[in-house]
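Have a look below at one chain only, the form predicted on its own, in structure tokens format.
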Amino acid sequence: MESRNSIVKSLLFIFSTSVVLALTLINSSFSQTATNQGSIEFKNKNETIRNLPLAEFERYLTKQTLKIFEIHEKRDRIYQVYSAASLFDLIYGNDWRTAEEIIFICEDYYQPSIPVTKFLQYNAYFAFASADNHDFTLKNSLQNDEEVRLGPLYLIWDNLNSRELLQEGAVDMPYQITGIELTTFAARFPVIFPPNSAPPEAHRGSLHFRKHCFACHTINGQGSGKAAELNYPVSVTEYIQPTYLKLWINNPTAIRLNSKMPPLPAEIPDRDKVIDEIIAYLTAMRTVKPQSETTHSQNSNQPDDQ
């Protein structure tokens, strides 16, 4: 009996030690993940100027609550936020106000580039938590109701009283932001512009593409790594017929079931014309290719499609 008790005690000791070790490893892993996800990197023209832990934001910025129309969910939501202008002032001083573009780097490879003029015209905020008894997540109705985590930062706009912002949809509302960079668009992305000889609709289409498509797709390897390359080595207009390409932009799930690519926002004025001009831009880009394999290889880990 005494021997049996000793065996039992030994087994219990081994079990409890294993549990403690497992919990320690889990906590260590969680802590490491939290550390990695809790710091925002700020750059100016590709040079890192500061890494600021999210936990330190409240030392320098005033927390607010903001109610918006959550375009991803088609309903109102309330978030805890920091003013984007105040954060930019803290990091960049007044320099950001005379910059051209601000690029946002996200965990899911989404990479929107937003003109500084938009931040000067409208009130933008960085949400860091929900304020309506809801997890800091959302169900993205634009991508098959996918449940997504929003942190570390989620860029939102005071859109309840702005028809223009509501018409734009969710195009400039990136979540999972881990990096922010001031840049000049032409210097950062030199091979995404149509030739000077391209028709006017192609040049207008390039602006639409930058606004609605460039945050996910690449042209000649430049742009985001979230979705498929559209021009190199072969243009998408050369292997997808115009009718189907237009349908793809208009309603991706009509071409591919459960596609994660969202349609062009329904609220955009002259939407059909915008789609035609995007296709004109992609067609004009057939003659614009990178000068070297290096240019294209900067986003080599893209998925095949969306």
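Note that the coordinates shown come from a computational prediction; the quantities given were computed from them, not determined experimentally. One rule holds for the numbers: they count along the sequence shown, beginning at 1.
What follows is about the form predicted together with a small molecule, which we do not show.
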task = Would you kindly say which of Y110, F185, F136, Y122 lies with a heavy atom within 4.5 Å of the small molecule in the predicted bound form?
result = Y110
query = Which one of I102, I105, A227, I71 is close to the small molecule in the predicted bound form, taking close to mean a heavy atom within 4.5 Å?
reply = A227
request  = Decide whether R59 counts as a contact residue for the small molecule in the predicted bound form under a heavy atom distance cut-off of 4.5 Å.
outcome  = no
ask   = How about C213: is it within 4.5 Å of the small molecule in the predicted bound form, going by heavy atoms?
value = yes
message = Can you tell me if N44 lies within 4.5 angstroms of the small molecule in the predicted bound form, counting non-hydrogen atoms only?
response = no
ask   = With the cut-off set at 4.5 Å between non-hydrogen atoms, does S259 touch the small molecule in the predicted bound form?
value = yes
inquiry  = The chain here is shown without the small molecule. Which stretch in 194-202, 76-84, 216-224, 159-167 comes within 4.5 angstroms of it in the predicted bound form, by heavy atom distance?
reply    = 216-224
